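Single chain ahead, by itself, as structure tokens, in the form predicted on its own.
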């Protein structure tokens, strides 16, 4: 027998051993897929989530893993695009054989991935997706963030009851489920509380010139302007609105939270209010420890997306420990029942519907920094 044939037989034998022997390196890891937006229009979101997830996984592995098994991450970039996100999901399920998917980051991408994960019977947890309809896709779909209907109601309530605002205008992305859902929740609650929506304008994803819509709104001189969109769009709207003379109280959402907002808004975000998932001002040992470690590791303070990414790892780890295995059914059950998780955004208790029961905060940007104004518990969510 030739040397080449002997070498080939040896390689094949080693592959059989690797697959057959319990405890071989391949069996020692729990493979988790992370779909995040590392490039594209919401890249700061995805990078924050990636950073925090890798930090969380490193923490778990350094402590011995989950029930003695280390976590291995497979990270894919969806570029903030729903089609790319769906392709990433197919690769994670069909080629990488992951036990669970973390992500995607934004609601349109989550909505593209969730049906694929549900059909495959694979648990999926988006740390940051807030669209109300996400978890209704199926019983394998979970989230680590509150719903848009919750934050939309909270902002409307804060505007009406805390700021005493009687009239509001809205400008939103008619082609984005995230923006539309927030607009609907804010409008309904504001009107229920006796407020009046005096004007609405819309645009489509990718638009950059909002002068026509804002000129129309400026003619109505609204007391406040609600802008439910991501920082990449909210920033230019804020700048163009102020340059057109709109002096309304600016009201926003978690999507504004990005280190790039100020540059895009030209500083005109000053004085604006948002609903968010956490505040760096919260006096919690877990929160402050997370902020200090993240800042030291990555050279910048974490935003809410980072905090949610880290919390997503904590939810996942708790569920894996409770399930005692990566069996999809056991993991699905655990994801809907784990609780008392002391996390960066607060104490988290998951419910079977797939959404955590947790608080929200109201932040105001002052001197270029977000300061804590109020903390709201999810009563009646």
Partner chain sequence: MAWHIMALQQLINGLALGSVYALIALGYTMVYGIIKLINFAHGDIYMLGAYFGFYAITVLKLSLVPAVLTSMAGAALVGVLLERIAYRPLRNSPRIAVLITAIGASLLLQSTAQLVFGASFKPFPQAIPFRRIQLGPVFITNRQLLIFGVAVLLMVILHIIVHYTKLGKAMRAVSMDKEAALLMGINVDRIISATFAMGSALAAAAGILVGMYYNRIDPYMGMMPGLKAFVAAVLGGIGIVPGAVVGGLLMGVAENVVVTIGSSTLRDAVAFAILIVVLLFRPNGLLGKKGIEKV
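For clarity, every value in this text was computed on a predicted model and none was experimentally measured. Positions refer to the first chain, counted from 1.
Here the subject shifts to the form predicted in complex with its partner chain, a form of this protein not shown in this document.
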### Query
With its partner chain left out of view, which of 65, 328, 40, 336 would have a heavy atom within 4.5 Å of it in the model of the complex?
40
### Query
300, 162, 136, 208: which sits within 4.5 Å of its partner chain in the model of the complex by any heavy atom?
208
### Task
Spell out, yes or no, whether the shortest heavy atom distance between residue 203 and its partner chain in the model of the complex is within 4.5 Å.
yes
### residue 216: touches its partner chain in the model of the complex, heavy atom cutoff 4.5 angstroms
yes
### Partner contact for residue 248 in the model of the complex: its partner chain, 4.5 angstroms, heavy atom
no
### Query
Is residue 236 one of the residues lying within 4.5 Å of its partner chain in the model of the complex, judged by heavy atom distances?
yes
### Query
Where, among 115-123, 279-287, 227-235, 149-157, do residues come within 4.5 Å of its partner chain in the model of the complex by heavy atom distance?
227-235
#### Entry: Residues from 241-259 in contact with its partner chain (non-hydrogen atom within 4.5 Å) in the model of the complex
242, 243, 244, 245
